[in-house]
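This document starts with one chain, in the form predicted on its own, laid out as structure tokens.
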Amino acid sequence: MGAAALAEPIPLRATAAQTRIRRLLSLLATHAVLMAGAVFMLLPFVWMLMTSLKSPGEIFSADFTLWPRRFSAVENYDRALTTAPLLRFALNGFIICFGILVVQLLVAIPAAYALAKLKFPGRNPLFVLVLLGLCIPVQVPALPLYIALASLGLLNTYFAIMFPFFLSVFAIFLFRQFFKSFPDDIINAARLDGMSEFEIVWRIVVPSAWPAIAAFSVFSAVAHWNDLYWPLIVVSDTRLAPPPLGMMFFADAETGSNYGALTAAATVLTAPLVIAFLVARRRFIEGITMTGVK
């Protein structure tokens, strides 16, 4: 009887060890999948960077090598920076993305606060319309917007590039989800202190919403920095071209088949986005996770 009692803990220890092994294997499998996904996502950037360091003859060589045998970075980047106004394209991208983002925040934050915290007739149907607005791509209103801008003489302007994106239904949806989790007691206390709704929004609610604002800022900047469709319609002046349209002008007029210089130009125009994301990555991840908390 005593020997049997002493033998009972052994299977329990074995089961605990097996559980730890299973957890370790599950953790390793999860990290292996994440690492594979990271490699898959980073491979185009690595390929672009390595190609920008190669000579034209080596790029089309039959032998596959990721690392260049002979570095031609100076020639490629010098040609990319001297034969086309890449820095001007980047400046246009900053102006366009910043202008769009500022107006989007000024419009979306009060609208999202009203949908989340104010009670008024038709609030739920209005939110349904916001959700339906997510289904409408920019190509649908492109023609009437182009005709309106052309009739007003606003083509080939920064305003023409930015105007269709001033209202972001995605921003309204994202901020509304974030504001839903903001405590009502704080808002009611501010109302008792005599603060108006606009003061509550900009002085109390917005300072707590920086993670959501940072997350949306990354989405907005990436989307409009890389947008080609709308600028291709309303811009024909090279001096106003954003990065994607500038790359088209650069590829057609300057480089031809020189993919070393072309990828060097792409690297120069992609670097600001990568740096911006690395700087804001913590706020971005925090904003994405917090908007799902009820």
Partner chain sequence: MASVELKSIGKSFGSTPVLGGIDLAVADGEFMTLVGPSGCGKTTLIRIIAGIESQDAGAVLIGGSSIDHLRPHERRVAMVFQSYALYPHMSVRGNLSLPLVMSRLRLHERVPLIRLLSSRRRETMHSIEGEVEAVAQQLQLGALLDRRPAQLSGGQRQRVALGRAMVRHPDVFLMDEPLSNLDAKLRVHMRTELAELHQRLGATFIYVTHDQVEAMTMSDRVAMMDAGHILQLGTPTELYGRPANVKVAQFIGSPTINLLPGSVGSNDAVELLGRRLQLAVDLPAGSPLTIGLRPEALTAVPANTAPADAGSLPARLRRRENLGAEHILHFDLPGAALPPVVARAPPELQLPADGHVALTFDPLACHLFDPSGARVEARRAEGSRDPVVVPFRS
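Note that the structure is a prediction, hence the values are computed from the model and not measured. Residue numbers count along the first chain shown, from 1.
We do not show the form predicted in complex with the partner chain, though everything after this point is about it.
In the predicted complex, at least one heavy atom of Ala189 sits within 4.5 Å of a heavy atom of the partner chain. The shortest heavy atom separation between Leu155 and the partner chain in the predicted complex exceeds 4.5 Å. Contact between Arg203 and the partner chain in the predicted complex is found at the 4.5 Å heavy atom cutoff.
Among residues of the shown chain, Val102 is not one whose heavy atoms approach the partner chain to within 4.5 Å in the predicted complex. In terms of contact with the partner chain in the predicted complex, the residue from Ile95, Ala73, Met195, Ala148 that brings a heavy atom within 4.5 Å is Met195. Here the chain stands by itself, but in the predicted complex one stretch of 203 to 211, 171 to 179, 73 to 81, 87 to 95, 203 to 211, has heavy atoms within 4.5 Å of the partner chain.
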